[in-house]
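What follows is a single chain, given as structure tokens, in the form predicted on its own.
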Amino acid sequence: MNMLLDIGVDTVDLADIYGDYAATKLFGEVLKADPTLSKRIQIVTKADIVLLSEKHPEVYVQHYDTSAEHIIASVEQSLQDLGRDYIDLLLIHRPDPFMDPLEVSQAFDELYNEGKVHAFGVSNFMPYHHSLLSKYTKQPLLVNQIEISLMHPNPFLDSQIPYMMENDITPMAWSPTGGGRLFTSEEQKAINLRLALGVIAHNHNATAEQIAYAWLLNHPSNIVVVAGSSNFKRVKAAVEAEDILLDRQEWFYLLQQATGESVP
């Protein structure tokens, strides 16, 4: 963690379900080993997915739970696992078709007023999901963590990114290299993108991976990249990509390879 802090990475993205409900507790062990870390980092975590797991034998169907009881219990468990007094940012992990937005608002207010969560957002929400929830919550939904990459450029072309820009919502990009498929897949799209990335990387004296990150970071919506890797070199590549400035034609050249067609 200290190596990450040294290069300016101070935010950790977690969720209550990661690692079959074990990741938050494991990270808590890291914080316990070096108590100074907790004040130097920001924690993002998520709640509402309920997995089938031996740890929860009472669950017989995977589902979402945005009840106030579940959201509050998830945060309480995360705080216990992390050995912290508060979460910096809490996200609703997935849109819940059985959601009562008033219950979510109740949970958010209670957690905020008690100082247990400092800010709120969502994850994987389409604009209509976000507008519904934000209509009822007193706490602003500052972030939407969605899948965005050259392998999945849809948010730039549908209403997702424009909606976030219009409403001052920060996009967080999970799977920014398509779950690694951008550099490992043998599908034609990935092959074409690798060739295009190589050309632009050469122009900038950079790596293809850095250009893939820069393609996201250069967008005026101020995307935050969630590297999603335990490999320090890959996280460092994402940080270094912040200094790469693509021109408009380079950005559209990569978009063309991502979609397989030129803009109209």
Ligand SMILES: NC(=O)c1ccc[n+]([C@@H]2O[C@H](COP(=O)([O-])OP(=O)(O)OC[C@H]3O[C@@H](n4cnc5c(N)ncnc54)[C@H](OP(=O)(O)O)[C@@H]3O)[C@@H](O)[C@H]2O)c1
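Numbering starts at 1 and runs along the sequence shown. Since the model is a prediction, treat every value here as computed from it, not as a measurement.
Below, we refer to the form predicted together with the ligand, which is not included among the displayed structures.
The stretch that touches the ligand in the predicted bound form, counting heavy atoms within 4.5 Å, is 177-185, out of 154-162, 128-136, 76-84, 177-185. Using a 4.5 Å cutoff between non-hydrogen atoms, residue 13 counts as a contact of the ligand in the predicted bound form. By the criterion of a heavy atom within 4.5 Å, residue 18 is counted among the residues contacting the ligand in the predicted bound form. For the chain shown alone, residue 226 is a contact residue for the ligand in the predicted bound form, at least one non-hydrogen atom being within 4.5 angstroms. Of the heavy atoms in residue 48, none are within 4.5 Å of the ligand in the predicted bound form. Scanning 167, 192, 170, 124 against the ligand in the predicted bound form with a 4.5 Å heavy atom cut-off leaves one residue, 124. The single contact residue among 63, 219, 234, 204, judged by any heavy atom lying within 4.5 Å of the ligand in the predicted bound form, is 234. The partner is not shown here, but in the predicted bound form the stretch 83-100 reaches within 4.5 angstroms of the ligand through a heavy atom at 93, 94.
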